[in-house]
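Only one chain is given next, in structure tokens, and it is the form predicted on its own.
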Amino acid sequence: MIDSAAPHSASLTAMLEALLAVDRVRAGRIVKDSCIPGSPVTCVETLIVPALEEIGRCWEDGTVALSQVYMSGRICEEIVDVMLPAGDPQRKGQPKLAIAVFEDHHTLGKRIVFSVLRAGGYEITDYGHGVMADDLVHMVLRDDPQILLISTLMLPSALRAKEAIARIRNELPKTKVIVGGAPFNFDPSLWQEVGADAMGRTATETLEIVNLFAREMGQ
């Protein structure tokens, strides 16, 4: 459960309650009532992202279910899509992002990360699941994303991602690679072994890393 003693604003507390109750209508109303008209980016940064970050912490603590994390991300993604549609000028200046599930076909983790990143105001190209090394390298070289997110479910897939990352690094040394998934959670040093720049243990942690890289890129 959300810690009622934490120093949340009334709007944030209400937003957390609405998201955990999977109440789309109430969540949308809270955003509309709490945010300054014409300032959607500020609303995302001060209300939506903090709510998702808090829900992510609660999932780590075991006090909310993964399904609540997933649905919270979807609801926030839908709200942000209305506030900041894909062609909105305020979305310009972002780093180019892409995401893939490497070799595996388990997509829930990627779906949560995708929703949380879009709820954070980012556009992201989805390369899909079951992506093999040659296809991943081809798509990355074609699109030249500034940040690439790779998710794996099984350890052998995580280890084989090392070769793909090395090939990408050879051609696009400035591309930042963030990895995630069960193998990296079990072995906290594995992300370094495969040559990534960072590991996101949760969707909200991944959003924080993307925000950090975006600032470093001046975006």
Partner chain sequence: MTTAMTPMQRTLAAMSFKEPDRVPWFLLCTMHGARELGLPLQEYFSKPEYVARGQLAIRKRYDSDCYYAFISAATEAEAWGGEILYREDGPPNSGSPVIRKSEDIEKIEIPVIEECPGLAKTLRLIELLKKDAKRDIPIISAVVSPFSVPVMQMGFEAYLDLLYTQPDLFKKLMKKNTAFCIRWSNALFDAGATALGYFEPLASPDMIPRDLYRTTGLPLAAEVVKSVRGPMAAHLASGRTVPVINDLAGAGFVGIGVSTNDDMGAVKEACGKKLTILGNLNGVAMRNWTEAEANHIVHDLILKVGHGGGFILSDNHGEIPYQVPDRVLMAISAAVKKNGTYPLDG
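Just so it is clear, the structure is predicted and the values come from calculations on it, not from any experiment. Positions refer to the first chain, counted from 1.
There is another form of this protein, the form predicted together with the partner chain, and it is not shown here; the text below is about that form.
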Between 41, 159, 35, 172, only one gets a heavy atom within 4.5 angstroms of the partner chain in the model of the complex; which residue is that? 159
Only one of these stretches, 164 to 172, 27 to 35, 58 to 66, 41 to 49, has heavy atoms within 4.5 Å of the partner chain in the model of the complex; which one is it? 58 to 66
Residue 22 near the partner chain in the model of the complex, any heavy atom under 4.5 Å? yes
Is residue 190 close to the partner chain in the model of the complex, meaning a heavy atom pair under 4.5 Å apart or at it? yes
So in the model of the complex, does any heavy atom of residue 74 sit within 4.5 Å of the partner chain? yes
4.5 Å heavy atom contact, residue 96 to the partner chain in the model of the complex: no
Which residues within 110 to 128 place at least one heavy atom within 4.5 Å of the partner chain in the model of the complex? 111
